[in-house]
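A lone chain, given as structure tokens: the form predicted alone.
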Amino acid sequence: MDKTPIIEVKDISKRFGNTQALKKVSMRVHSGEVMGLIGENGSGKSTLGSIISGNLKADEGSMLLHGEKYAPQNSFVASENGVAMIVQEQGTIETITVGANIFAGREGKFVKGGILNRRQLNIEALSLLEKIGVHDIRPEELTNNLSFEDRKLVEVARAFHREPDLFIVDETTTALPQKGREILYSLIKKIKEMGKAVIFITHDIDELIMVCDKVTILKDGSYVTELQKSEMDPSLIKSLMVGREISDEYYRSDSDYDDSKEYSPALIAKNLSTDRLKNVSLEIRNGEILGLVGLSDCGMHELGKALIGYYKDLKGSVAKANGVKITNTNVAIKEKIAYVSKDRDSESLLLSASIKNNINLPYLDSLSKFGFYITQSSENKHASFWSKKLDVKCSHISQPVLELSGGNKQKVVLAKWLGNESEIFILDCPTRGIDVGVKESIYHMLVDLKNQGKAILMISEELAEIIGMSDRILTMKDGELTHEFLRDPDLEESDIIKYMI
């Protein structure tokens, strides 16, 4: 192994306003290594990756790439130097084609005589997609038409245009179905075998241990330690990153379905059909957590949106138990139905807006006086209460949401709906891309909501989460519901999988 690190960061510091995101962090990644990077939400992982990839500039410190001074002005310059990063949230431009996204910033190679040769661009884009193992995405297709998961695969293809010397993966696997994860794992293995390097940012400790050779742990923007493969014990990693013991059993303590309790209907869907859904009917009940699980393309994410009136061409009906029909999203909000999207940045938040404005948005009518006047003090009071209750780590409630970590963004989303006094919660992958500490607090919150008699639908691709948290479980395949399970201590993942595949 070459003794010169592929990347070396020395005493890197970064501040966002009053928030110290990184404090003199140093790290080395060598040829043929997969370095894990883990820590709580807000620990600085993504910030460090973004500095290395040219998406952000450090306030202090220095970097060496292959032993040479390295200070990229932007991500394009970093890419030209062999450094590529896939970000946690959406990193594609929705209004252009897949091919144009893959070669964004490099279109010049297809221009002759001032004319862009789109045919050649699409040929090369298709070749690159197939090279990484993606065979069902067409370069000519508008990116906006793709699912969140397929857009992430487009980002992977773009990153591999030049087979980077350093590949930075930021929580990408949480956005991918199993097939997509296998594609990414295969590419990471290939990079390692080529003598290049990977920085793998994740909150999934089992995945970290499986994929990585070493792990660097950050806490509150500071370096904690580096562990070798042989030292990667899940309990040790959790305690180092969180600063306290985290139980492996953070799901519900009760293990049986309570058939003595009468779960009254809260939301009733009948014969829902779209281009992805086929005659789906279900009930979400008060005081119950209903789990919905399947492969990513089974239609469960579309079902979540259908229940809040998102689709104009929806066939069938969605209604509250009181008879009010949910015909669009405005009605859903008025009827106290909360929706948390898997695609957090695009569909659950206004990134450029403040924490305060995001939390207050669905509650503005309740804050108004005389039907039109809202005082600044009432806005500040409402947003401050809920940001503190959800423990959103921020410098102040006027801070833009885009500056927050993934986990703290998710807290803002939940604060928004809790603050709106929601009665029905439709949660699509609510623990995606968040650390074990925040995940534990969200599970406790769901149990509290259940005990308050709220109705909860939790959509998830994680079987352990679904089994651990649900009263009832519905499986889905090819746009149809295939089976129902009741909470049972003997229920195994293998029992469920056969109804998903």
Partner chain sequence: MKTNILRKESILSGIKRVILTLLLPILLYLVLVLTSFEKFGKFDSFIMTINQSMVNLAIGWSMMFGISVNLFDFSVGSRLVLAGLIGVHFSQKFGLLGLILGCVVSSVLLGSITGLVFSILKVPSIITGFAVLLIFESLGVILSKNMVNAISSEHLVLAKGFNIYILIVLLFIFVYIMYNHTKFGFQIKAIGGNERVATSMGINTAKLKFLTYVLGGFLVGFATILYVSNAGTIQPKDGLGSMSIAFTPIMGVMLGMLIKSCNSVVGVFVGSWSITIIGSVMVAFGWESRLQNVIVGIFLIIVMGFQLNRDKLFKPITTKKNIQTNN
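From a predicted model like this one, the values you see are computed outputs, not experimental measurements. Positions refer to the first chain, counted from 1.
A second form of this protein, the form predicted together with the partner chain, is not displayed here; the remarks below concern that form.
Partner contact region in the model of the complex: 135 to 143, out of 253 to 261, 380 to 388, 288 to 296, 135 to 143, criterion any non-hydrogen atom within 4.5 Å of the partner chain.
Contact annotation for K369: none of its heavy atoms lies within 4.5 Å of the partner chain in the model of the complex. In the model of the complex, none of the heavy atoms of T216 sits within 4.5 Å of a heavy atom of the partner chain.
In the model of the complex, the partner chain sits beyond 4.5 Å of every heavy atom of E347. Contact check for K270: no non-hydrogen atom falls within 4.5 Å of the partner chain in the model of the complex. Shown here without its partner, the chain carries A58, H66 and P164, none of which come within 4.5 Å of the partner chain in the model of the complex through any heavy atom. Only one of the listed residues (A415, L404, L121, A338) places a non-hydrogen atom within 4.5 angstroms of the partner chain in the model of the complex, and that residue is L121. This chain appears without its partner; in the model of the complex, the one residue of L116, M194, M210, L364 with a heavy atom within 4.5 Å of the partner chain is L116. Residues T95, I96, A100, N101, A104, G105, E107, G108, V111, G114, I115, L116, R118 are the ones in 95 to 118 with at least one heavy atom within 4.5 Å of the partner chain in the model of the complex, listed in sequence order.
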